[in-house]
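Below you'll find only one chain, the form predicted on its own, shown as structure tokens.
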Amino acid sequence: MIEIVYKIGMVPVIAVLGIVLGLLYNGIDRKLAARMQSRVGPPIIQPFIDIKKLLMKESIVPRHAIKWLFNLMPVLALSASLLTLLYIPFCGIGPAFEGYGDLVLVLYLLVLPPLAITLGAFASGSHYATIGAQREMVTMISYELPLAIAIVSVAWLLSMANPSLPVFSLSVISNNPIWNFTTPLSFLGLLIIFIALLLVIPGELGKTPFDVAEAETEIAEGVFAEYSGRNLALFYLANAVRTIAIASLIIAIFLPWNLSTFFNFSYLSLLFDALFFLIKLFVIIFISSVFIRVIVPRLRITQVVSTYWFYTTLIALLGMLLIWIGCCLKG
């Protein structure tokens, strides 16, 4: 009974933290990108200001839109993003919900927000949104393959090390750092897998150079061309929460260590673990979002497909091969 009450109580806490941290890191992201481009940039709290303004405005529904679908998709995107966060270790504590196959569930949940964006764009009846939706679908299909290869490789490595472990449980993965089970060759393979996942993040989040579904200078915001007011705010919040969820997933798999594991902070352990988690979160977001966005211009949709289907997939397959060889030599 106590465990059930604890889980129910954690839901609003994690939801609020996910939204606040997502908007905060979005503001830091924009400020750092501006500084790296010799611009002043907006204030860090600008995302909070944008959300407040959008929530106060009316959501306009196009005349030819499928209204119920058009209005439902922003709610679905935000709900799926928040639900994803509940299954991932967060701020130095275990996930609010967990199970033996929650890693597989998280992969399915991550598909829902871009799918909701696609359906909402199709439902709007806009030509610009339709083009953006087609690009969103192509991008999603492209990065899912290297993402699946990376996750299967991690689970495979853990199962080879200890067949009795439920290898698709994020709690098990975060409590048993996979780097501890590697040989020199499989360590290299795991590092390559890590790099492949970092390349997947900007595509998953629709960040430059993979923001072809929006491309405001080409297709007038594409998938969001007809969205405004509260509906647009929900999509904005969903993207912010999904940023935290995906970065937290990478941390749970590849960087699960807490400071309390190495140092005795007594009753302050949770605080220091949370601060350490936020630092890791910043590093992941900076490398996979800010840095890549600043140094690489927007790609064409054909380049996005080749980047993920060819180069990133080959990188992921190379990592899987090295992990397999390393495990075989060890065995």
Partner chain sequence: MMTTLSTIRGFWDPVLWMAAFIIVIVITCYIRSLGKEEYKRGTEQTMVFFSGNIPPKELISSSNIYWGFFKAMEKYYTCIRRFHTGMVNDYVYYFIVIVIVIIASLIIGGVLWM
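Note that the coordinates shown come from a computational prediction; the quantities given were computed from them, not determined experimentally. Positions refer to the first chain, counted from 1.
There is another form of this protein, the form predicted together with the partner chain, and it is not shown here; the text below is about that form.
Does residue 254 reach the partner chain in the model of the complex if we count a contact as any heavy atom within 4.5 Å?
Output for residue 254 is no: heavy atoms all beyond 4.5 Å of the partner chain.
Does residue 101 make contact with the partner chain in the model of the complex, using a 4.5 Å heavy atom cut-off?
Result yes; residue 101 sits at the interface with the partner chain in the model of the complex.
4.5 Å heavy atom contact, residue 302 and the partner chain in the model of the complex
The answer is yes: residue 302 has a heavy atom within 4.5 Å of the partner chain.
Given that the partner chain is not shown alongside this chain, does residue 163 nevertheless sit within 4.5 Å of it in the model of the complex, heavy atom to heavy atom?
Yes, residue 163 sits close enough to the partner chain in the model of the complex that at least one of its heavy atoms falls within 4.5 Å.
In the model of the complex, the residue from 182, 239, 258, 126 that sits within 4.5 Å of the partner chain by heavy atoms:
None of the other options qualify; the answer is 126.
Among 41 to 49, 294 to 302, 23 to 31, 271 to 279, which stretch has residues whose heavy atoms lie within 4.5 Å of the partner chain in the model of the complex?
Going through the listed ranges, the match is 294 to 302.
Honest question, do 91, 145 and 176 all end up within 4.5 Å of the partner chain in the model of the complex by heavy atom distance?
Heavy-atom distance to the partner chain in the model of the complex: none of the three under 4.5 Å.
If you look in the model of the complex, which residues in 58 to 73 sit within 4.5 Å of the partner chain (heavy atoms)?
In sequence order, 58, 59, 60, 61, 62, 63, 64, 67, 71 come within 4.5 Å of the partner.
Which way does the C-alpha gap of residue 154 and residue 100 go in the model of the complex, closer or farther, given it changes by 3 angstroms or more?
Their C-alpha distance grows by at least 3 Å in the model of the complex.
Against the shown form, C-alpha atoms of residue 193 and residue 100 in the model of the complex: closer or farther, for a change of 3 Å or more?
Result: farther.
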